[in-house]
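Encoded as structure tokens, the following chain is the form predicted on its own, with no partner shown.
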């Protein structure tokens, strides 16, 4: 018997946007028309994610800051992971070696995000064994100094629990390294055409189209295949 998935969890930048980060109105319309819940999962801050969810029309189950901040309703208080201190310490440590520029630091609550203007590989080497629980990831939009304890996969696990679902009830759609654990945790994984190769390697479906058009194609496939 064909399994029908009960919800979708989806990234924003590079997945429901165009190359220039403008929202794909076609992808937004596709998501809005679904009769199953849509969870927004992003590396961005909660206020950005809330605004996007409202514009798309799928408000408001959100995984923000790569799993660090989770909310199940527009007016509810978010669940915030207590991991910012080790990220701040790692940032201070790296600042002695690299000239780094923080982005939206006022709104960040669980990680440090930096402009991509320094040698990330060298920074990873310098961080080395000094901070074993902290990692540096490059999402192609920004550099994140984040805790290894949390990611979009752990965020999905918590969100599923809050919604009374299993993570395997979800279809996950993404494009970048910070979507990896989310796609691994979900019951069905989709990589859009512009996704990193390692994400395509683990995906159950890879769209031919890229960015928001890839999401439109994937949703059409899911519907026509009876998966949602």
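Keep in mind the model is a prediction, meaning the values are calculated, not measured. Residue numbers count along the first chain shown, from 1.
Same protein, other form: the form predicted in complex with a small molecule, not shown, and the subject of what follows.
For the candidate set 126, 142, 80, 120, a heavy atom within 4.5 Å of the small molecule in the predicted complex is found for exactly one residue, namely 142. Among residues of the shown chain, residue 152 is one whose heavy atoms approach the small molecule to within 4.5 Å in the predicted complex.
Looking at residue 67, you'd find every heavy atom of it more than 4.5 angstroms from the small molecule in the predicted complex. Although the partner is absent here, residue 213 lies well away from the small molecule in the predicted complex, with no heavy atom inside 4.5 Å. Contact check for residue 13: a heavy atom falls within 4.5 Å of the small molecule in the predicted complex. Looking at 41-49, 27-35, 160-168, 195-203, the stretch with residues near the small molecule in the predicted complex, meaning non-hydrogen atoms within 4.5 angstroms, turns out to be 41-49.
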